[in-house]
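Alright, here's a single protein chain in two forms, structure 1 and structure 2, each given by itself as structure tokens.
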Structure 1
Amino acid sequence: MWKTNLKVLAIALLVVGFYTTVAHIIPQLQSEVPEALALGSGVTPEALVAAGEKIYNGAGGCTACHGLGTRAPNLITDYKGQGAVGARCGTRKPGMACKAYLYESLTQPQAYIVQGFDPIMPDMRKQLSDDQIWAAVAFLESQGGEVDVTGEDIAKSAPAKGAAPAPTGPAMTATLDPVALYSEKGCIGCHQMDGKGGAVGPSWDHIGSRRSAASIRRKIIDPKSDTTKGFEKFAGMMPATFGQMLTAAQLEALVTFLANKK
């Protein structure tokens, strides 16, 4: 009996050790994700814009699609002669002011789809807190427009007392289904699989015949570790935030799934 218990204990320690090792790999990306802002009602537009710029280029992962002009509209550069997003956001939906439109686009992205683009943007509340979203709105307004986001906007959008809180991030859901993670984490926006998804990054179909499990894991955790041949023009576009968007178990479920797609 004691031999059986010893074997069970050894296996348990091995499993715990494995996931501990993986978990220690992931935190190297912590600097990519800004902490919750907790901005007060007296926050200045300059502070919001500065925080929003960091989110746009970091935790939000916005640069993975916006700016390419292929998977999503350009935001900080001209789009079809209409200027940057701050100059055109107030006219996108009739009767909707700029900051309202931008907030809706970040939290209810399927409410309005710009003609010519696919509905691939995720609800950003799954990975950003509400004050981070409002900071991103302020930054986008500053691109050719006037910033009118205030601390009151952040306070008003907070859940009412007793109400269920809106989803905030980083998103750490319990699912270990790699197909669900493919959509939930926004991978579908850049990687094709089974005829769906974008083409900014390599297809996930047959990826296991091109990369080992270790290579796939390294690429997810450290996107800049290498660039797949044929995708050099998109080098550096993959967000370095998946260490916070995936638990260690989710990461391994995804790696195993992809490594087996021969």
Structure 2
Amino acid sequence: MWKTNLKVLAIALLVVGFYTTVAHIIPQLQSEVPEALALGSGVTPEALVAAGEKIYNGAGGCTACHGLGTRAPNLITDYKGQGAVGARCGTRKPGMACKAYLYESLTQPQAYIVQGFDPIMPDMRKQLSDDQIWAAVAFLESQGGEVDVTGEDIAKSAPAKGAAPAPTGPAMTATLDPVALYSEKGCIGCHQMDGKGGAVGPSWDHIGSRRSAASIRRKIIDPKSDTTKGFEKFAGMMPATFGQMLTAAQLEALVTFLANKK
């Protein structure tokens, strides 16, 4: 009987050993925690780019989508003859400079959807801190373009201690023109109006016949409320930050405008 016992033991060890060995000979990839950066206002562009490269290849998880070319546009190699991302970033949105566009791509990825792709890119603010995001922007700029991220950008967008978080994203303008706000604040990325814009969310044509002004106001401030019928699958996709990005006057301008689109 001992012989049998030993044989059974040997088989078990052999099988376990075999699988363990297989798992050891494949590449050993480990998923890192995003490293907390402490990039002050005096940081050099080189340091930013180096930190950004680490985030891009590691903790940022960017390569999971951008490393393949099928799920997301290539960033560090050419995409459709438009060059690497540093070269094409300035031409994406008229009037938007490269740096602002890249920052927006990472923080409000749905604001502009590159044609041919699904709006799957996550808001990186959930994963990365602000200086990490700026470092990633610097790294992307270095891919075919010029790095103009500075310590000041980080300081500007970092939340002031103790105070309510400052609005993130491109600097606010004071326009009260709803149509300008429509494109400036990125609603255009998801909502169609007069045949323009992305078709992720409901079209804005005739929205006033569906919703009252109060309901629209609430929807913009708290997008999780009262999901539009037929769009349940997309619930939660609309950024919840508009309440902080719009001034009260801008918000009211948009609400009145929309409520009147019967």
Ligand code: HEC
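For residue numbers, the reference is structure 1: its sequence is counted from 1. Since this is a predicted model, take the numbers as computed values, not measurements. Superpose the two forms; the largest set of C-alphas matching within 1.5 Å is the rigid core.
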Just one of these is the form predicted together with heme C; is it 1 or 2?
2
After superposing the rigid core, is the C-alpha displacement of G58 2 Å or more between structures 1 and 2?
no
Core superposition between structures 1 and 2, C-alpha change of I113 at least 2 Å
no
State yes or no: after fitting on the rigid core, is the Cα displacement of V49 between structures 1 and 2 at least 2 Å?
no
Shift in Å of the I216 Cα between structures 1 and 2 [rigid core superposition]:
42.8
